[in-house]
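Given next, in structure tokens, is a single chain: the form predicted alone.
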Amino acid sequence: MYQNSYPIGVIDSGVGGLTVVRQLQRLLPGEDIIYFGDSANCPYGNRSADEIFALTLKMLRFLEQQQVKCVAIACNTISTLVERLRPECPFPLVSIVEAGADYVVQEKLPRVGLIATEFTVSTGAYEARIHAGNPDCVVSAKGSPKLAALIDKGDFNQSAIDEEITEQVDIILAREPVEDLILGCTHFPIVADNFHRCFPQLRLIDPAEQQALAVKNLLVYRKLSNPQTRGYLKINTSGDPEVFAAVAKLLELHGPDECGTLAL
């Protein structure tokens, strides 16, 4: 039996999911959050589905031990496997791909660009969800083999980031004159300023906002909202906790109250 005081779990392949934490803290400031970022194995987007599934199960088993009441899958790559993962978990999973795609349908966008990891793009998960609600929406998708890993290093001033963004988004625009671009990897909003600088004409869609709203709706529906006014944030990573602390500061998160290394 879940209780209101139980924390929300958030998982990602690295630091990117902290952009989801930012939205959760804005929308649900009273909720305690336990985060796991598997930076030692980042980027997930260059791995096979079976590898991603196995690594994700380890994170979910850890969060199960922490008695979480739900888990936000902040990683788009992992979210493409959500239907395979749901039977493995006693708690509900909230997919960022589902949340982001539903927003495109809700806004009735005629066309949209998508930049994500190569794995996320290869699954066609965004297109399938968008077309289920709006078959006429044109989706121009391109996978980036480098951007998530560059961001996970924690150096956001690298010229290599601008170069990778420009190269991949130019391909999207050559295919379709989109005005809206889905940042289909939670790492990417960390460098939103780079996207704005390289392509100021594009409106950026951050699915993290919609995922946080989906988590809120789930907790309200299940009567599991935490009534306290400010929750804690505990960050666990298989990588370098200093990078996570730096990103938490950059995103102006409340906390982290704890930030440490934990091997999977």
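Just count from 1 along the sequence shown to find any residue number. Note that this is a predicted model, so its numbers are computed, not measured.
What comes next is about the form predicted in complex with D-glutamic acid, which is not displayed.
Report the residue, out of 101, 148, 72, 112, that has at least one non-hydrogen atom within 4.5 angstroms of D-glutamic acid in the predicted bound form.
Partner contact (heavy atom, 4.5 Å) among the options: 148.
Residue 63 within 4.5 Å of D-glutamic acid in the predicted bound form, heavy atoms
Outside the cut-off, so no.
Do residue 44 and D-glutamic acid come within 4.5 Å of each other in the predicted bound form, heavy atoms counted?
Yes - in the predicted bound form, heavy atoms of residue 44 and D-glutamic acid come within 4.5 Å of each other.
Within a 4.5 Å heavy atom cut-off, is residue 182 in contact with D-glutamic acid in the predicted bound form?
No, residue 182 sits far enough from D-glutamic acid in the predicted bound form that none of its heavy atoms falls within 4.5 Å.
How about residue 95: is it within 4.5 Å of D-glutamic acid in the predicted bound form, going by heavy atoms?
So residue 95 does not count as contacting D-glutamic acid.
Which one, 193 to 201, 64 to 72, 36 to 44, 208 to 216, holds residues whose non-hydrogen atoms are within 4.5 Å of D-glutamic acid in the predicted bound form?
Heavy-atom contact with the partner occurs in 36 to 44.
Going through 1 to 23, which residues have a heavy atom within 4.5 Å of D-glutamic acid in the predicted bound form? Please give them in sequence order.
Counting only heavy atoms within 4.5 Å of D-glutamic acid in the predicted bound form, the contacting residues of 1 to 23 are 12, 13.
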